[in-house]
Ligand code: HEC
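Okay, so here's just one chain, in structure tokens, the form predicted alone.
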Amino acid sequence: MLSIALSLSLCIAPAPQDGPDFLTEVWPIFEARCIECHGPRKHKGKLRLDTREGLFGEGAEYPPVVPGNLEESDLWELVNLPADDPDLMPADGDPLEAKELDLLKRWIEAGAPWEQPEVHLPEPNPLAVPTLTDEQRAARDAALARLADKGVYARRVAADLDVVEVSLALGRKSVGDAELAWLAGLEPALVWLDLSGTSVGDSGVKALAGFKALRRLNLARTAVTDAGLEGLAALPELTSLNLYGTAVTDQGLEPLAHLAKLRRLYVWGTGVSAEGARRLQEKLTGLVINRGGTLGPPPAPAGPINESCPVSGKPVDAAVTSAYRGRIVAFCCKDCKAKFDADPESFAEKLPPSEEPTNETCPVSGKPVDPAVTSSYRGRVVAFCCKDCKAKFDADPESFAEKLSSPLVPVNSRCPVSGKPIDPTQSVTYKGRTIGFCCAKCKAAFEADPTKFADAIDKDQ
């Protein structure tokens, strides 16, 4: 009877003329605050709010929404609980704002008119891996415990991710190919591996072919040669590879051409020539090769890193952007851009995390960073000058957080469009550098054709 009555209420409940529009006013609230946990990707509490069946809970004892009846709508109760109640929704982030609650209230009272929305899934975390089975998680945890017993730095990258990072660098020369057997059980979860300064050689590196989730691999000052790099062609997710101080030559770069996602390659102190580096760059779009002070051409200016607006959750307009921590962030409208620019840290966690360090100085010591020594913090990769500073940061990151929040400083003092002194708040990131302008109009002119003003930037350095 409940199911029949509810179905009838959906059909006959009239919507007052002043009721909010579901698709343009109510659905954005669900999309921004609810769908990540209760949508097509996750069904926390076995609840989906992106379908009619899930939202109105037809046949359920406690339906999320009962059209026209606030008191019987379980969703309304959950979003209005006291701030200290563990059942308050949304579970993550701040409670709904007063204007959001008002829209939701008026929509339910109006009979909850509903249309099937277009669901925009949140962007996947670049460090996410396929969900591990119970058996794989048990093997991973056993491997982490085994490594800890041996004094190896090994841990989960983040509490909400299955992935792990491992550093065998502290063992230095006592760690060789045989010791890589300690990593058994981490094959589907290991994303960051530091072997710098160890005795690992070609056979050990070839054995890493089974670790398909690897994103960053540090082989600096190891015994690897061209022969060992052949095994790395089997690592489809690899984005950063450090070969500093190894015997690698141009020939060893050939297998790396299969790594479509490779973006950073460090080969200073090796036998890699400028010509060899150039040949590899021609095959891999966006790859930057560092040969020790001589950087290969940087990738073309990157577009927005996000598809969903970090303020509203709606699809973005690629023409409405801001520069933030060296990356381009897009918004659905100018109002959301203004809110973000006023307080970007409030929305930072809604942006896709970066896989590369965004800081050039160590937040602990203030010295230049080693890009191979990093930690993950609030969706960004933080680099340090040494492992001691990394350990201090990991123990109490909030003590150093303020040193990470300062805006990027423009490289120029005069606007490349007008020649006037710059306003540091009017800036964009272009080819890895922050460029300042005197006003929003000049900034827009630059973004329309940056190559037209590139010479003016270089003259101002």
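Just so it is clear, the model here is predicted, and its values are computed rather than measured. Residue positions are given as counts along the sequence shown, with the first one as 1.
The same protein has a further form, the form predicted in complex with this ligand, not shown here; the description that follows concerns it.
Residues Arg33, Leu49 and Ala91 are all found to lie within 4.5 Å of this ligand in the predicted bound form, as judged by heavy atom distances. This chain lacks the partner; the member of Ile328, Leu78, Val320, Val288 within 4.5 angstroms of this ligand in the predicted bound form by a non-hydrogen atom is Leu78.
This chain lacks the partner; the member of Glu187, Glu230, Asp74, Glu307 within 4.5 angstroms of this ligand in the predicted bound form by a non-hydrogen atom is Asp74. Exactly one of the stretches 82 to 90, 331 to 339, 202 to 210, 241 to 249 approaches this ligand in the predicted bound form with heavy atoms within 4.5 Å, and it is 82 to 90. Contact annotation: Cys37 falls within 4.5 Å of this ligand in the predicted bound form, judged by heavy atom distances. Contact check for Lys420: no non-hydrogen atom falls within 4.5 Å of this ligand in the predicted bound form. Contact between Ala169 and this ligand in the predicted bound form is not found at the 4.5 Å heavy atom cutoff. Although the partner is absent here, Leu96 lies within 4.5 Å of this ligand in the predicted bound form, judged by heavy atoms. Using a 4.5 Å cut-off on any heavy atom, none of the residues of 304 to 321 reaches this ligand in the predicted bound form.
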